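Just the one chain here, laid out as structure tokens, in the form predicted alone.
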């Protein structure tokens, strides 16, 4: 029997990096190894009781399809949050749309904006980085250009190294700050420069801001703050802010033309959150106290690890925000070999190369284990390093 032909885009993207981590975790668990998992950035902080109660109270007797445009009450809650957090006024009816988390919206954006037969079919991303914008672009038939994030540049792309001809071919330029995996933050001047370039050259500045609410010193900026200078779309989510990864609830904010295009496109792919999730999300966006508690929890876990890492000569790079520690690999070792060595001690971490070639020389710890597990991991690192 003839075999079904697969999409070459699927073949080109290969195995999602964290699938490899899950395979390693299952293998070691089957061998009886006691594991502490710093690999995948999946929060294990409890979702607030009031959010869970709102979801339970909203479960209907009869289930119906959610509308792509979302509940007006949810859009209003998001608009109020953006005003409180970033001082930006958005029209909840025309400039906001709920998304199924942010991952699917990030992946699908190129489907809306890229003409695979046109001259403007370039999607610019950064690496090391979250692979989803690249993969979505490939499936949309786009060309992908990855700009390296180097420590000497504060893990910001060097915008001056990109020529005008390249900017003119770009349909989308993706950034992610606070950054996964480096934990770097973007200064407002950088966002202004990139927004100005988007206005000059006609591309969309698309900003993945899943980690804006997890910070240790100063609240990070949003590209929403420079939306008056160019073509800007922002994607945010409750996954990290409110420990709601499984709820799949986020939003996209942009000008009315792009939001109108998303409203036209999204019913075809059926990606709106369920209405009971949307009603729980309203409670989450309206409350800041639980987010402050979440930040404090990550700060305690970070503080449990940093003294040991410092004593053992492991340098922290970036790591000003997010739930991640971006750490330098000891001299003479590769990222993958170092991470593999820690597996033997029951610690699962991510080698920097999982996020792209520029990640060589670094490794990432996601601060998702409990505080007690972080303290136990520090004891293991004391012996292992």
Ligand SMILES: Cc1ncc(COP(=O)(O)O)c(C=O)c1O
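On a predicted model such as this, the values are computed, not experimentally measured, just so you know. Residue numbers count along the first chain shown, from 1.
Not on display, but discussed next: the form predicted together with the named molecule.
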The one residue among 211, 203, 285, 155 placing a heavy atom within 4.5 Å of the named molecule in the predicted bound form is 211
Partner-free chain; cross-checking the named molecule in the predicted bound form, the single residue of 240, 301, 75, 266 with a heavy atom within 4.5 Å is 240
Using heavy atoms and a 4.5 Å limit, would one call residue 180 a contact residue for the named molecule in the predicted bound form?
-> yes
Legend entry - Partner contact for residue 248 in the predicted bound form: the named molecule, 4.5 angstroms, heavy atom: yes
**Prompt:** Taking 4.5 angstroms as the cut-off for heavy atoms, does residue 215 touch the named molecule in the predicted bound form?
**Reply:** no
**Study point:** Contact of residue 135 with the named molecule in the predicted bound form (heavy atom, 4.5 Å)
**Key:** no
Of the candidate stretches 144-152, 103-111, 275-283, 253-261, the one with residues having heavy atoms within 4.5 Å of the named molecule in the predicted bound form is 103-111
